[in-house]
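There is one chain below, alone, in structure tokens, taken in the form predicted on its own.
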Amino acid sequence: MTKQKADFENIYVEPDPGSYHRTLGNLDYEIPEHGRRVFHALLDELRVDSEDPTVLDLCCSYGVNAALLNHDVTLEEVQAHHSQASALSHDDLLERDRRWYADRRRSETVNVIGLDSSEAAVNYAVDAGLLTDGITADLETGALTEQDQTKISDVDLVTVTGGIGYIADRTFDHILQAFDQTPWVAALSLRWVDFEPVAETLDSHGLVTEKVDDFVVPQRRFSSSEERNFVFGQLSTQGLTPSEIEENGQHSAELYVARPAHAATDIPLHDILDQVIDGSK
């Protein structure tokens, strides 16, 4: 990321997600809500063969995707809950959050393993009961340990909402080598980030990558005019014109889904995501 892209590194290193949700909430951060709809639709299809699917959420931060997948809460409610000022100790705050999520737990849930480079964020999400397990790693510069490879070996769906750019093809190459069976991958990727290197890596591991037509959704508002100019410049470099969303001052994301060849042939993606696509328009 260049200096012209907003730097939020400081909000990912706190022991709890208060700063994370306050900062991104003030920028109308919404991409996890769009991800939730996509992931639920894909998981419904995967449950045909696996009653208890497991998700690997890349760039999981404080477990927000897991929170939305497994609980009857909206992102707005999650942001409001965590943005409240609190004088609680870390342990008491964790206990408060465990109870809050437990009271809203869905009857049908999925196992979610989170991977992120922020140890503090992963630890919180595991301790709060949002993640079944967590992995702290930067796979753009490092590799998975044998223990971590075992954790993700039976994952059914890999998810990421807006993290492409922070992670790229090296991360996907590492994780795909760890699986006993090839999972599905669903990535909401910002338009100004070139997804092609990731798609090539997915394809090299036997996956068929499809860009979902007619699915373009907001991520968050630009934090400054400098960030807006940066994004427009990146789009121009790729020969792209700004979408209506970007013209209105927001990052926009497109959806890529990669599946084993037999699934891509037997089950048209639009049949699975038809209602999700209609809801994004």
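Keep in mind that this is a model prediction, so the values were computed, not measured. Numbers for residues come from their place in the sequence shown, where the first is 1.
The form predicted together with a small molecule is left out here; the points below concern that form.
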Query raised in the report: Every residue in Ile31, Cys59 and Gly162 with a non-hydrogen atom within 4.5 Å of the small molecule in the predicted complex?
Result: yes
Query raised in the report: Tell me, which of Glu196, Glu210, Glu140, Asp92 has a heavy atom within 4.5 angstroms of the small molecule in the predicted complex?
Result: Glu140
Query raised in the report: For Asn70, is any heavy atom within 4.5 Å of the small molecule in the predicted complex, or not?
Result: no
Query raised in the report: Would Ile152 count as a contact of the small molecule in the predicted complex, using a 4.5 angstroms cut-off between non-hydrogen atoms?
Result: no
Query raised in the report: Would Ser118 show up as a contact with the small molecule in the predicted complex if we use heavy atoms at 4.5 Å?
Result: yes
Query raised in the report: Is there any non-hydrogen atom of Leu190 lying within 4.5 Å of the small molecule in the predicted complex?
Result: no
Report task. Among 143 to 151, 179 to 187, 164 to 172, 100 to 108, mark the stretch whose residues have heavy atoms within 4.5 Å of the small molecule in the predicted complex. Result -> 164 to 172
